[in-house]
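First, one chain by itself: the form predicted on its own, in C-alpha cells.
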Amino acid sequence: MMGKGGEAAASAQHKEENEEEGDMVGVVKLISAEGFEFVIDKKAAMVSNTLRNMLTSPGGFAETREGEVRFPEISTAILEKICQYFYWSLHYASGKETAEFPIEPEITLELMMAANYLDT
C-alpha cells in the first residue's frame, strides 16, 4: 500500500518517463554544409549526445523549437554516413545481434571528427 507521498512520487516519475518518450517522438531535420537536408526520426538523432542536448534543452533554442540543426562544417557525404550510423546503432543497441558498421577508408578522418563533435 502506497501513501499519498508515494503516489505523488510515482506519478511524477511516470510523468517524467512520458515526457522523455515524448521528446523522442517525431522527426528532426539535419542540414549539411551544402544545404542538403536529412529528415530522420528524433529517436535516431538522440543517439548523439550533442543532438540530444540541442533538441531537448530548455531555454528556447532554435534547434529545440524548429527541430532542425545546421552543420556548416559537416559535408553531405559525412552527414549521410552519420545518419546511417544513428539507425545502425538503434538497431544493434540491444546487443542480441551484431554487425560491422561499414566505413570507407577515404572518409575515416572526416567521419571521426564529426563523430567526436556529435559525441556519438
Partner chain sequence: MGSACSRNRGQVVHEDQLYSVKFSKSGSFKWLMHTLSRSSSDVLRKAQGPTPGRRPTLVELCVARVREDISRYSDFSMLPRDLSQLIFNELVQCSYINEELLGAFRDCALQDICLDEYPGVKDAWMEVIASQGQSLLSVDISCSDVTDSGLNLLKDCSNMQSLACNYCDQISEHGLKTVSGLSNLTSLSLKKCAAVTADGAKAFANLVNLVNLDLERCPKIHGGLVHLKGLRKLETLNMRYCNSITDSDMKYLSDFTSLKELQLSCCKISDCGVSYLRGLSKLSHLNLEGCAVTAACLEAISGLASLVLLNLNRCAICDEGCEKLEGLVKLKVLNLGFNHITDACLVHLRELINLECLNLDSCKIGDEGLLHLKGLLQLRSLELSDTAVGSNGLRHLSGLRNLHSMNLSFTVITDIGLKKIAGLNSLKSLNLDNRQITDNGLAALTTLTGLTHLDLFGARITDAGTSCFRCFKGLQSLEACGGLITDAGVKNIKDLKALTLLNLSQNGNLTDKTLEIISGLTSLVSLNLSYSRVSNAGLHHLRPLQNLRSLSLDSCKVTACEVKKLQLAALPNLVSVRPE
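Basically, rigid core = biggest C-alpha set you can superpose within 1.5 Å across the two forms. Numbering follows the first chain given and starts at 1. Since this is a predicted model, take the numbers as computed values, not measurements.
Keep in mind that the form predicted in complex with the partner chain is missing from the display, and what follows is about it.
Taken together, the three residues G26, F36 and N53 all stay farther than 4.5 Å from the partner chain in the predicted complex, as judged by their closest heavy atom. Not displayed here, the partner chain is kept clear of A45 by more than 4.5 Å at the level of heavy atoms in the predicted complex. Taking the partner from the other structure, the partner chain in the predicted complex has a heavy atom within 4.5 Å of a heavy atom of S89.
Contact annotation for F71: none of its heavy atoms lies within 4.5 Å of the partner chain in the predicted complex. Along 84-120, residues Y85, W88, S89, L90, Y92, A93, F101, I103, P105, E106, T108, L109, L111, M112, M113, A115, N116, T120 each place a heavy atom within 4.5 Å of the partner chain in the predicted complex. Relative to the superposed core, E97 shifts its CA atom by 2 Å or more between this form and the one not shown.
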